[in-house]
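Given as structure tokens, the chain that follows is alone and in the form predicted alone.
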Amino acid sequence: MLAAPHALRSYEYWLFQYKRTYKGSLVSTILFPVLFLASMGLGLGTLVDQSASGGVDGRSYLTFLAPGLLAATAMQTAVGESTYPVMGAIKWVKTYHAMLATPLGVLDVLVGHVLFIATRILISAGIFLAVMTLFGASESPLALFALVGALLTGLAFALPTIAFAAVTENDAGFAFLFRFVVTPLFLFGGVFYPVEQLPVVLEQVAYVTPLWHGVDLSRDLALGTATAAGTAGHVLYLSVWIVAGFAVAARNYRRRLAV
């Protein structure tokens, strides 16, 4: 049975490790939204707004783009924290093995790490939301709830990635993951333009990806166009990925770490 205090001990370890490196990560976490929103939202966005379309769906390109980038940032942070750190904790540094030499169990180790990844997602998303608000890209008080959407989006990617990282034998699979999953989703998941502009086949593929649901949820909340049914649908879909990912991750951790 999972002992919550033990899982928090695992979480505490990852927080202590992050205390040593957070300054460097915060610099990139702040610079990414500033540079991306300035170049794409204001630079390219000016051209889009002056075109015949007059923006996207009657709104400025900046306000359309920013919530999508918020969800994409959550995805990228989640995958980054769920690949090499997990493999390192199993194969190289053997952090998990050291934890298991204490009263912590396998689920305690997993839950503690997931809690830390959730914290990293919230930090990145929170900074991004603050920057996009300063850029004037939040049109509704509901934008604050986009943090929840970003967290769900990040966890929908983190848990399946953790499950994969726990059983892969080398980091070659991570290069495949970033190149053929994360990058295409970033480009074709509705972040930069409505997926309705894609060919029909790609459009249908986009609709089943967690990123599109995260982007649409964050955008609806930031723009104040969210509906109860649409929000519930997105939350439910992302939750399915989270629950299924956790189940597979727990199984893989038991197989890899149980002694």
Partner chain sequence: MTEPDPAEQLVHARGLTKRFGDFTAVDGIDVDVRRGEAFGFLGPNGAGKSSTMRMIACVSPVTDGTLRVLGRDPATDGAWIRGRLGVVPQEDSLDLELTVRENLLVYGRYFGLPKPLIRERAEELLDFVQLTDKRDAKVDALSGGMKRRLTIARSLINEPEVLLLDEPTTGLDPQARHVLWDRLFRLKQQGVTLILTTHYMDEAEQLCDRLVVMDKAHIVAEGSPAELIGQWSAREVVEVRFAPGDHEAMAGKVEDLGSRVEVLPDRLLLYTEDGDAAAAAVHERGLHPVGLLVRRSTLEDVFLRLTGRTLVD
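Residue numbers count along the first chain shown, from 1. Because the structure is predicted, anything quoted here is derived from the model rather than measured.
Keep in mind that the form predicted together with its partner chain is not shown, yet the notes after this line are about it.
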item: In the predicted complex, segment of 97 to 105, 160 to 168, 113 to 121, 179 to 187 with a heavy atom within 4.5 Å of its partner chain; value: 97 to 105
item: In the predicted complex, the residue from 144, 93, 134, 175 that sits within 4.5 Å of its partner chain by heavy atoms; value: 93
item: 4.5 angstroms heavy atom contact with its partner chain in the predicted complex for residue 23; value: no
item: Exercise: residue 17 in contact with its partner chain in the predicted complex, heavy atom 4.5 Å; value: yes
item: Interface membership of residue 237, its partner chain in the predicted complex, 4.5 Å heavy atom rule; value: no
item: Contact test in the predicted complex: residue 13 vs its partner chain, heavy atoms, 4.5 Å; value: yes
